[in-house]
Ligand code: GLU
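Listed next as structure tokens is one chain, alone, in the form predicted alone.
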Amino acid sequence: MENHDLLPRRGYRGRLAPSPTGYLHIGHARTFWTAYKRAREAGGKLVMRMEDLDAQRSQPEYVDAAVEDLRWLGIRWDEGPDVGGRFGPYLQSQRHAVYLDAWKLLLRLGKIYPCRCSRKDIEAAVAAPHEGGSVAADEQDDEPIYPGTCRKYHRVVAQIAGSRARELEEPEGLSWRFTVPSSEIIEFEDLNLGRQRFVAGRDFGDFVVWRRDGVPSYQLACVVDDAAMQITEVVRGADLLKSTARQILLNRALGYVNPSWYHCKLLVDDSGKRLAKRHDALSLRALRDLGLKPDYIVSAEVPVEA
């Protein structure tokens, strides 16, 4: 049962942020439906943002399918790639300059450093990180804790911040990591799951904000867009709780105001694994073909079986 007293009543701006790397499934449907309900109950606005930074996996047909599936569920938004709005563009693939400005600011502030580690270490940074195993063991996302191999470059960057760093206009084919304050406790109140607590350097390490192939990470793009689009509450899955701790640090560094957070409990299959886009049988497309109705799909009482 939601506590509607926790819903802000003035100036509410929520968002939907699907990634077009596959068809949406029942877990997405329930999270996006929650975001829609909270925006409407608060008398606020809902923004659709397509998180299509992963050029290798994002496909135009999945963009169209996401819009069609969400509209079939009865979800409507006030701003987005298909309806426009004053905070566009609403496709992340068209917002490179905005992310680059944020990277430059972090560089001038001495908050990031170049990383020369292998692509294998950072290949997941462009997408929202998710725990691949059973969420019964750990519902948090899991970007491996960086061992600090290239952290020595942080001191160099910090020394030149504000001077030579101002002349660096592009990430120059390097990966860049955010330096987390070791042992700092990051706490926040989740409006659904209660008080959350993470320790920087123990629960997560220095994380990627820019990939060497010229693409900003999920963490950077997310905070920049939420701030630029004036999002007041972020509704998403509980597998991103740890990402929230990272994003709080980024918001502080960039001078952004934190939104409120509402993380939905994850749906799992009969083996205890988090639902993913590989579960084709639970895609909204497949369920619709079976004749299921939207109100049945978004009902919290409906069991999930893989």
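Just so you know, these numbers come straight off a predicted model, no measurement behind them. Sequential numbering from 1, following the sequence displayed.
The next section is about a form of this same protein that is not shown, the form predicted in complex with glutamic acid (GLU).
Glutamic acid (GLU) in the model of the complex is approached by residue 218, whose closest heavy atom lies within 4.5 angstroms of it. Using a 4.5 angstroms threshold between heavy atoms, residue 222 counts as touching glutamic acid (GLU) in the model of the complex. A residue is said to contact a partner when one of its heavy atoms sits within 4.5 Å of a partner heavy atom; residue 69 fails this definition for glutamic acid (GLU) in the model of the complex, lying far away. The shortest heavy atom separation between residue 47 and glutamic acid (GLU) in the model of the complex exceeds 4.5 Å. Listed residues 249, 29, 35, 240 were compared with glutamic acid (GLU) in the model of the complex; 240 is the one with a heavy atom within 4.5 Å.
Along 36-60, one residue reaches a heavy atom to within 4.5 Å of glutamic acid (GLU) in the model of the complex: 51.
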